[in-house]
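Only one chain is shown below, in structure tokens, and it's the form predicted alone.
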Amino acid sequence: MTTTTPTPEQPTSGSERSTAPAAVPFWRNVRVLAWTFQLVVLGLVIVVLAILFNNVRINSQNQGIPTGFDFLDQPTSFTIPANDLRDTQPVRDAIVEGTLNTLRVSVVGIILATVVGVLIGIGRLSGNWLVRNLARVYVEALRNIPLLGLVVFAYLAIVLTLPRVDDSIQAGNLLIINTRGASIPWPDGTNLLLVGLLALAAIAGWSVRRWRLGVSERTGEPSRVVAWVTPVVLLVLFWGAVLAGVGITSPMIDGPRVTGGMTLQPEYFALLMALVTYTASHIAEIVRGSIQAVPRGQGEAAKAMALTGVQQMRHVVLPQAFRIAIPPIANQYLNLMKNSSLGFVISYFELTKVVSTTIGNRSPAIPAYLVLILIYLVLSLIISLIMNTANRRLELPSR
């Protein structure tokens, strides 16, 4: 028998040897081209901004217009109604007060517009013919009216028709309405102390809510968050006010003026009413569309579990609808905050009115409006951050 010995493999020829792919030239590399395009666009934007800035600087110098921010240290030379600001204080203090006035009308307006908008949106889908059509008329009427006209109408219809102080509309010591505004009871403590009490109550309410949700998850019992959180928050506010020595002052008519409590300016009330009613009409349509976007089977399943209509809406439909509604509602919040600048037409001293008044008192326009833009930008970014955080908390986890 002959045996064969294994032969070593023959070396492959150059034509048979595998070659590595050649490197792609940088002018054909997709990533290089993408980064180059972005850098070119960024460079063009910087060049355009530099040209505009230089043009503004040269023209301002030729006309003797200052471009610095020294005007912030100059006296305001004006006062703000229902405010302790003196005309000798610097402009920066007036801008701070204007920003606070913008926040007062924006925060309250966002809360009220949300409540009214959700109720009207649910009413648009009501089985009751009268409720459904009243909600429809509200939405179709207010959504198609210019907000500026609504602000002016609310001011003229409310402020000019209010009675004088001698003939004030009164509800005991709880409410006094006259040409100088609406006066309501108010704590007499400092603003910082009141904010601290509210923060403490919010922490207590959040802790109780988390505890009740944990109990419900472990035992399967109803959490009853509202029934537990509400008395805890009220008790914390009450005992906190007692321990801190915070009292409640009620409004009283003292001759030609009203003393005690807190007085809401007529301009504030008119602007707030216009912003709330207008924004609520848009939020109502968002809520209606979001509810209709929830699969019909969800409501049928809730009905099969013998849930009432209110329970179906609260526990099944609305939680899913809000996942859809939050992004467009966030846009309405931003619009409400920016639309508060229309208060200047009725002499409500929000941020835009304060800046315009300082410019009328010889402050440079470009730096003043730059401060205005930056403040609005910061406020908008804060609202966007809050709403984006809420959106991330509500979205369903994806695999």
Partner chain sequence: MLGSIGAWLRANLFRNRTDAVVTVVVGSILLYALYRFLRFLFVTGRWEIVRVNLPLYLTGAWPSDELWRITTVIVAAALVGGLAAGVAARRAAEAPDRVDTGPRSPGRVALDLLDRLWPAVATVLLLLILARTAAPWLLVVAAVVVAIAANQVGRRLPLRVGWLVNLAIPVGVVAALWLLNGGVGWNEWGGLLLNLALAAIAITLCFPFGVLLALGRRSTFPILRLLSTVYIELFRGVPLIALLLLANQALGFFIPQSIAPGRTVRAIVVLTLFTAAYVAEIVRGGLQSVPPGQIEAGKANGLTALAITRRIVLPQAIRNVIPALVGQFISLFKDTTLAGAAMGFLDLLRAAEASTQQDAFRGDGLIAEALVFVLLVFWAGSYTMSRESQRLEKRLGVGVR
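Residue numbers count along the first chain shown, from 1. The term rigid core refers to the maximal set of C-alpha atoms that superpose within 1.5 Å between the two forms. As the structure is a computational prediction, the values presented were derived from the model and not from experiment.
Missing here is the form predicted together with its partner chain; even so, the following discussion is about that form.
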Inset, instruction - Could you confirm whether W27 comes within 4.5 Å of its partner chain in the predicted bound form, counting heavy atoms only? - result: no
Legend entry - Contact test in the predicted bound form: E221 vs its partner chain, heavy atoms, 4.5 Å: no
Legend entry - its partner chain contact at W239 in the predicted bound form, heavy atom, 4.5 Å: no
Legend entry - Proximity of L342 to its partner chain in the predicted bound form, heavy atoms at 4.5 Å: yes
Inset, instruction - Report the stretch among 227 to 235, 107 to 115, 144 to 152, 92 to 100 that approaches its partner chain in the predicted bound form to within 4.5 Å, counting heavy atoms only. - result: 144 to 152
Legend entry - Single option in R209, R314, R323, R132 placed near its partner chain in the predicted bound form, where near means a heavy atom within 4.5 Å: R132
Inset, instruction - Sort through D84, E140, D167, E300 and report the residue having a heavy atom within 4.5 Å of its partner chain in the predicted bound form. - result: E140
Inset, instruction - Could you run down 27 to 46 and flag each residue that has a heavy atom within 4.5 Å of its partner chain in the predicted bound form? - result: A34, W35, F37, Q38, L39, V41, L42, V45
Legend entry - Rigid core fit then V345 CA moved by 2 Å or more between this form and the one not shown: no
Legend entry - Flag for G43, CA shift 2 Å or larger between this form and the one not shown after aligning core: yes
Legend entry - Cα displacement of G68 between this form and the one not shown reaching 2 Å, rigid core superposed: no
